[in-house]
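First structure 1, then structure 2: two forms of the same chain, each alone, as structure tokens.
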Structure 1
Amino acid sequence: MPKEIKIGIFGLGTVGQSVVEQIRVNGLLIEARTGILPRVIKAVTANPHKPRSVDLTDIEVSADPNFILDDPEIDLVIELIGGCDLAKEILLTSFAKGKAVVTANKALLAVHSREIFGAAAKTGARLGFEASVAGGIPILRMIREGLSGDRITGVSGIINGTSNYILTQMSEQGQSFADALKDAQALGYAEADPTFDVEGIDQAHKLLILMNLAFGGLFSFDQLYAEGITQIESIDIAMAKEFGYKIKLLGKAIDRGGSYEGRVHPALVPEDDLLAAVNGAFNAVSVEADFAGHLMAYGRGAGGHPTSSAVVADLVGVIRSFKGEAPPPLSLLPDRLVPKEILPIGEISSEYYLRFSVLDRVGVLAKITRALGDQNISISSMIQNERAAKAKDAVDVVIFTHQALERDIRKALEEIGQMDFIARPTKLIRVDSP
């Protein structure tokens, strides 16, 4: 066995610099735990001459990807550039050349899931991707190793710190969505273009990776339902609180005995649920398993140091695998890994929060409840704001339903939406339940 492992790193942003720093600081600790010293010898970045906050002594830096890919001395590639096109080429080429890979690229692993994991299985490549989901929280390792002998039936959680910070500010500080987003951007939690975070796309990437691992399949990202938080208003936060809930943006996946739910959307979470207490930019992932029962992991889901911790943990895992058999990236043996389908959102069943903005007329409630009843939707509770000051003003009517199929809810809302007393589109938020 070699006494050291030579590493090439793609990307010297916040996370990349933190990885280099951690390997420098903890290299001897890693050697003490594995018998092999990790050493970064090359780096590729778009701007090789840009000043960095980390010591790059003894690390050659280039803008050419082949500077690393064509070097036979490099045993392991760390990919931290983000995006899909170049990153996919880096991973596939590394697999073909027999190099191990560690990546934090959630978008690549979700959108090109079948191609990447298929190539890793075909070549027998060592692939670590812990940092792609929930930053420094070792949730993938918990599923792959800690629950390797158990059947996982569900995964849910708060897996985007930006959206969770915004909802926390709206709930705890009474801020509007727009003001909370500005604060998140000022603190560095949100990008200048926050679309991926606030529209649920980032969470959907992470959830698909979790589903692949938890349910032993290759799911298609195109089938996963994603809805963000841009339509959540202060009144929804207040109504949720009045009924004993908090609104959180959840990723939720459930094995329904061979059919699979996979969805990202705002949800009313009961205040006594552990997920309701996850505030600010923190993440938490809840796992249900047949024998282990309910487990939850909590921590910082992003940032240079938490993410680099996950990257270096994967590095240690790869080093150890050089001394023995490398576990398959998605836990199952390659010949057992098959494509699986995600149920359409219309096929899920849930309780619902419905907020109708209506003109204050006689018979409005009767017409709404009749339309819901025609689709077999029963009401658990209802509240109406005070009467409108003027006839032309709208009032809010909030209805909580019992369990109902989403397709029935949507059919009823389509009919109600055409009624002449509806002032604005109806707000639908699902209520989180097992």
Structure 2
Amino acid sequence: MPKEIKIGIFGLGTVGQSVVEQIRVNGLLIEARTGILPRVIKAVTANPHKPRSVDLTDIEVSADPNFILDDPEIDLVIELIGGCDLAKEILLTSFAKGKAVVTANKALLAVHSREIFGAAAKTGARLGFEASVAGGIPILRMIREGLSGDRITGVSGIINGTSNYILTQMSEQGQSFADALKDAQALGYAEADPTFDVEGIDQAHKLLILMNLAFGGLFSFDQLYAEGITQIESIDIAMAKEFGYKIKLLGKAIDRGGSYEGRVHPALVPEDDLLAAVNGAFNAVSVEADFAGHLMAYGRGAGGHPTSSAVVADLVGVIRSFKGEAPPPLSLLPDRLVPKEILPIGEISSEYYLRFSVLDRVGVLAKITRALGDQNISISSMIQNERAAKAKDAVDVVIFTHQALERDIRKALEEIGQMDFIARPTKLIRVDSP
């Protein structure tokens, strides 16, 4: 039997259920990385009898917070209920009882950061909060570990999926603000109180957490300027487009050599800026670091699975810190590493750009397309440049294929290469389609 870590989880909403699912699905993988099997044994939710779509076998469910907090077997508490009152009690009590905590609660960490981080420091408690900022993007870990030798001078980004979804729908689909918000709620992106999303408050919570980490301090949430997207009308989006801009809800923090800017507001972003390409519920965070320079992380910032990915990564971090171990170089425990094979290039499947240099004669195209067809390669488009000036000059025929096996393409090209009208070797470039 592998060793286990016993977990109590507060909240069985969209994210809570995803965390239970992810621990079931990836439990053995986590065991292979840490030597410890994570097991959720208890859950606390306001409505314990509500049917859930996730499998709750072997998980005892209650409405009483002490059901988890008083259980000495539970080493790790995952807090996913949101809000500030009960959640704060859960964190402080867990710290006092020596339980590690993983939370996604950005409002709590932003508004009560001094109290929470102070209590964690005083008790030496382990506190993971990767899920509180930008869902599935491991931006906190990237700053804390990947940039631990750099001075961070700026952090900016799009870190509220709901408002970015609304602005994208208004801009690309002509959808109304109200309809787009309804869709975002149905897709599980929005906060329980969606004014937090559309008034820039949720994004401000996340920016404050980023500032605390990036600039190494405890900032006051009340000092952060926050303006949302409720005043943006379709005419503004159309006008911005006219001048080559997109409207995005931006969070921006700058270290001005010891004085700090921190603000959230809609902004016109040039259409060719990377941030302008961040659409739908996606988030992106861009960081200025003194030696690494400018870098950017992009991914899903809201929704059950991406947020649970961050929660479970923190859970792995807690297990490793309990064991006093740094992550193994290749993440898996060294004794679990086995040699693995890479498929031969012939086994890949892709779309292809093929440029044939051919003598412009009758029947050439028919022979090329037949050779491709014989290998089950389907053509998606084709173009031949203008006629050769003299019959002996080669012309270029470009063929795009649908998805095909590389080994079939190579077989067809080998056959075509023998044909007497081929003037130069055929060019093959793979099309990187999503």
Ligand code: HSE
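All figures in this text were calculated on a predicted structure; none of them were measured in a lab. Numbers follow structure 1, counted from its first residue as 1. C-alpha atoms forming the largest set that superposes within 1.5 Å between two forms make up the rigid core.
S.K.: If I had to pick the form predicted in complex with the ligand out of these two, would it be 1 or 2?
M.R.: That would be structure 2, which is the form predicted in complex with the ligand.
S.K.: After core superposition, I'd like to know whether T14 moves between structures 1 and 2 (criterion: C-alpha shift of 2 angstroms or more).
M.R.: Moves: no, less than 2 Å.
S.K.: Is it true that F400 shifts between structures 1 and 2 by 2 Å or more at the Cα, once the core is aligned?
M.R.: Moves: yes, 2 Å or greater.
S.K.: Align on the rigid core first; then say whether the Cα of V364 has moved by at least 2 Å between structures 1 and 2.
M.R.: Where the cores coincide, V364 still shows a C-alpha shift between structures 1 and 2 that is 2 Å or more.
S.K.: Supposing the core is put in the same place in both forms, how far has the CA of L181 shifted between structures 1 and 2, in Å?
M.R.: So the C-alpha of L181 has moved 3.7 Å between structures 1 and 2.
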